[in-house]
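Only one chain is shown below, in structure tokens, and it's the form predicted alone.
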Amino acid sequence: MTGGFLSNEDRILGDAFLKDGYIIRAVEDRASLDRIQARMAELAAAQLKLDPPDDPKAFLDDIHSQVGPDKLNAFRLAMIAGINSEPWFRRAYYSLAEKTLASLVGNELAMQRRANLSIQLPGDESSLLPAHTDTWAGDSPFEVVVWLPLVDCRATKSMFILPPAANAKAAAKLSDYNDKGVEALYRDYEADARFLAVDYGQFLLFDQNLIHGNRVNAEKTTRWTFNCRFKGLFTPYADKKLGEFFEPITMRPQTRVGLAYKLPEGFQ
């Protein structure tokens, strides 16, 4: 048991995370968030050959007036490449949830090398992410996702997650859906699914071992959300390896000393 060594704040935060499977908090570095949002709006405008917008949030919310479903994936990939090429971006992203990550995951971390981006236009059925867990696709169960909206995300413009109790029931019966598929799984547990309200200025940190996904965006504006994975540097990896998918970001000095140490030879 390690509870007696944790601060009261860490215990409260940890209990809430274990109970719900996620945490929603105000970003810890608002200037970095605003910088990310402004740069994304600039990149989007440049890709569409438009002038940089005066109101980045309104511009991103209304991007469906400029991009249709047939052009969306190419546009999204250009946005991912553009923002990940910025040398300051990953450090800025980490700063948004730095203290929360230290409390829930640890202070020696590995971070996904390229943050991913979801753009979901109103009424578009081509951008759906069916019910799933990341571990089903080869992720380590030690990972968490920091999910960052660039616009207000509520109801079907957001994502859903099954809280731990409902997820345990669904996981115990997962083999029943080999033939029926994950849509049937969602329908059977739809009443338990929580659509998370995460506004611009907040981040969501969630346990990617829980079943989650999205539905058709029935709202009037476009969803823009980043997702990026973090894990303890020395926790087990799965298909996504250190140096390939993940990169160390907060290795401590004595860890560097220990990794570099070689026992002297010839001494008894």
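Just so it is clear, the model here is predicted, and its values are computed rather than measured. Throughout, we count residues from 1 along the sequence that is shown.
Not pictured, yet referred to below: the form predicted together with a small molecule.
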Task: Partner proximity in the predicted complex: V145 to the small molecule, non-hydrogen atom cutoff 4.5 Å - done: yes
Task: Non-hydrogen atom contact H132 with the small molecule in the predicted complex at 4.5 angstroms - done: yes
Open item on the list: Is it the case that K57, even though its partner is missing from this view, gets within 4.5 Å of the small molecule in the predicted complex, heavy atoms only?
Closed with: no
Open item on the list: Is it the case that R229, even though its partner is missing from this view, gets within 4.5 Å of the small molecule in the predicted complex, heavy atoms only?
Closed with: yes
- [ ] Please name which of the stretches 62-70, 22-30, 49-57, 205-213 has residues with heavy atoms lying within 4.5 Å of the small molecule in the predicted complex.
- [x] 205-213
Task: The unique member of M111, L162, M159, A97 whose heavy atoms fall within 4.5 Å of the small molecule in the predicted complex - done: M159
